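Single chain ahead, written as structure tokens, the form predicted alone.
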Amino acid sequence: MTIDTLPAPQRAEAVRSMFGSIAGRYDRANSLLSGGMHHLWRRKAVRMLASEKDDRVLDVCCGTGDLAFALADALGADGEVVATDFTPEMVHFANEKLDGRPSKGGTLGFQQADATSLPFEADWFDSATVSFGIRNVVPPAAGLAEMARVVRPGGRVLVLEFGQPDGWFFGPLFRFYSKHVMPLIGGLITGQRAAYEYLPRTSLNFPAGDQFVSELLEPAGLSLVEKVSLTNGIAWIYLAEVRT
């Protein structure tokens, strides 16, 4: 039985354990497996969110903090980013990176929290983001609904997530890479091949494009502002507003 076929409670704990086991080498694996493209995608996401300098921003499923750092750098001294992840090992490594970060932009803090039960008041944030994490939330709809709950009406929610690449040549090539090359390289880097079999498998089966909007984004109380396909559909950015 694979992680994605487990009942929901067991799946959530298995995902937490899996990410904990790869946290120490997560950044290195991501950079190598994406060829550095994930940095470009995150920078575009920050530009699309277009935060005001004094905004209060939430980043869920923050991992080791790459998007949270970029969000904080785009804010002014009065701005704030709160970043959460349900894996304590990820939060640990994010805080280690924070200790060595130059003091610039908005304030930034990391804490452990479950995306399906966020410890924040309703309407507390101006915006919320999640990058490459919503498909690992059990269930993802609950995570999106929680993001919508804690963001003020009219505020923005941004999702950066993998999709299914298109094209007669690029699509099959990427699927071969995901199925055979990613597990091999990810396993060599982290010692956890199973994690890099699970991650591309879930991304290939996760709703993308219009399907993501209709099945997950809109039912969570969010109205699409813009969606952008990145690198032939390898990833998507969805920018939405919380309905008033």
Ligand SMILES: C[S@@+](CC[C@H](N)C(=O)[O-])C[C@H]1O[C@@H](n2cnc3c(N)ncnc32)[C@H](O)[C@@H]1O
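Since we're looking at a predicted model, the values are computed, not measured. From 1 onward, residues are counted along the sequence shown.
Beyond the structure shown, there is the form predicted together with the named molecule, which is absent from this document and is the topic of what follows.
*Asks:* Examine residue 150 and determine whether its closest non-hydrogen atom to the named molecule in the predicted complex is within 4.5 angstroms.
*Replies:* No, residue 150 is distant from the partner.
*Asks:* Would you classify residue 90 as touching the named molecule in the predicted complex, given a 4.5 Å non-hydrogen atom cut-off?
*Replies:* Contact with the named molecule, yes.
*Asks:* Heavy atoms within 4.5 Å of the named molecule in the predicted complex: does residue 125 have any?
*Replies:* Residue 125 lies outside the contact set for the named molecule.
*Asks:* Does residue 26 reach the named molecule in the predicted complex if we count a contact as any heavy atom within 4.5 Å?
*Replies:* Yes, residue 26 sits close enough to the named molecule in the predicted complex that at least one of its heavy atoms falls within 4.5 Å.
*Asks:* Go through 168-176, 98-106, 127-135, 73-81 and give me the stretch that gets within 4.5 Å of the named molecule in the predicted complex, heavy atoms only.
*Replies:* Looking at the other structure, the answer is 127-135.
*Asks:* Looking in the predicted complex, is the named molecule within 4.5 angstroms of a heavy atom from every one of 163, 212 and 237?
*Replies:* Looking in the predicted complex, the three residues 163, 212 and 237 all stay beyond 4.5 Å of the named molecule (heavy atoms).
*Asks:* Going by the named molecule in the predicted complex, which residues of 55-94 come within 4.5 Å of it through any heavy atom?
*Replies:* Residues within 4.5 Å: 61, 62, 63, 85, 86, 87, 90.
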